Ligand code: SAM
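What follows is a single chain, given as structure tokens, in the form predicted on its own.
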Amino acid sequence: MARYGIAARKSLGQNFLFDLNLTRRIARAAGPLATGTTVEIGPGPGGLTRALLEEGAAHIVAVERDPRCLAAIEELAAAYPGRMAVIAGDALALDPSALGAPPRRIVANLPYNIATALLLRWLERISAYESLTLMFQREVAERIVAAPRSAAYGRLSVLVQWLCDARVLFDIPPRAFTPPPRVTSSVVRLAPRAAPLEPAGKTFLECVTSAAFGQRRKMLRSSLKSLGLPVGPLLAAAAVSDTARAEELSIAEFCALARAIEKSAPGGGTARRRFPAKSRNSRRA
């Protein structure tokens, strides 16, 4: 870090992890690394990258946007010839599902400020990955794995668990990072399902969860009015009570609502234009 003038930048959401015990624990949590491609997003100076190499990663594709860190990562790649490729770029503008040979896995200490946006983007092609082993702030991790009727249960819980088996593996305290963040972090492992938990069109599931959780304190008969469709018949078709609130519904019930909306939406295939993935009422995923 001293050689390349690297200091964590708040604007990039950087908190570097160098504890060898913790980085190797994360690498082991990602499972066997000896085949396919391990994609690391935001490696920084390479603390986790070193652990992945030491744990036997056959090929790593490291994606980094910070020019200062790129020099350090290139030095690491030179020390492990043939086992690393370095891409200079913004992870939000890049599709990891096309990087390297399968099986692909993503392992990353994600910048807090874009972690949720990245995860939602990766869900678009989740079948391209063997697993995702990711670090989030604990509040986000709790939302990812939350069950219905819990305070943390929301749109993110539904969309992730619909497509993945999600587990929180362990926490990492602030003191383990340079500089220490103000929050505890959690490592989450996502294993893509062979098929979604229930049949549903993704656009319509995104739409109904956005509307429902955008006004989560209201009953569904009120919160779903923003869809622009008669709410009573939709709820009846999905066998959902009109007095229920978003946090009370299971993923299966949200999928039933999504199917009912798809059937009721005028224009068939043009319904996607009428029901965008993000509702104006959505406050958080």
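Being a predicted model, the structure only gives us computed values, none of them experimental. Residue numbers here begin at 1 and follow the sequence given.
Unshown form predicted in complex with S-adenosylmethionine (SAM); subsequent notes refer to it.
- Across the options 212 to 220, 61 to 69, 238 to 246, 252 to 260, residues that bring heavy atoms within 4.5 Å of S-adenosylmethionine (SAM) in the predicted bound form belong to 61 to 69.
- This chain appears without its partner; in the predicted bound form, the one residue of Asp90, Asp95, Asp165, Asp171 with a heavy atom within 4.5 Å of S-adenosylmethionine (SAM) is Asp90.
- With the partner omitted here, the residue from Ala77, Ala152, Ile114, Leu123 that has a non-hydrogen atom within 4.5 angstroms of S-adenosylmethionine (SAM) in the predicted bound form is Ile114.
- Heavy atoms of Leu17 reach within 4.5 Å of S-adenosylmethionine (SAM) in the predicted bound form, making it an interface residue.
- Among residues of the shown chain, Val188 is not one whose heavy atoms approach S-adenosylmethionine (SAM) to within 4.5 Å in the predicted bound form.
- Under a 4.5 angstroms non-hydrogen atom cutoff, S-adenosylmethionine (SAM) in the predicted bound form has Leu48 among its neighbouring residues.
- At the 4.5 Å threshold, heavy atoms of Leu110 reach S-adenosylmethionine (SAM) in the predicted bound form.
- Residues of 184 to 199 are not found to place any heavy atom within 4.5 Å of S-adenosylmethionine (SAM) in the predicted bound form.
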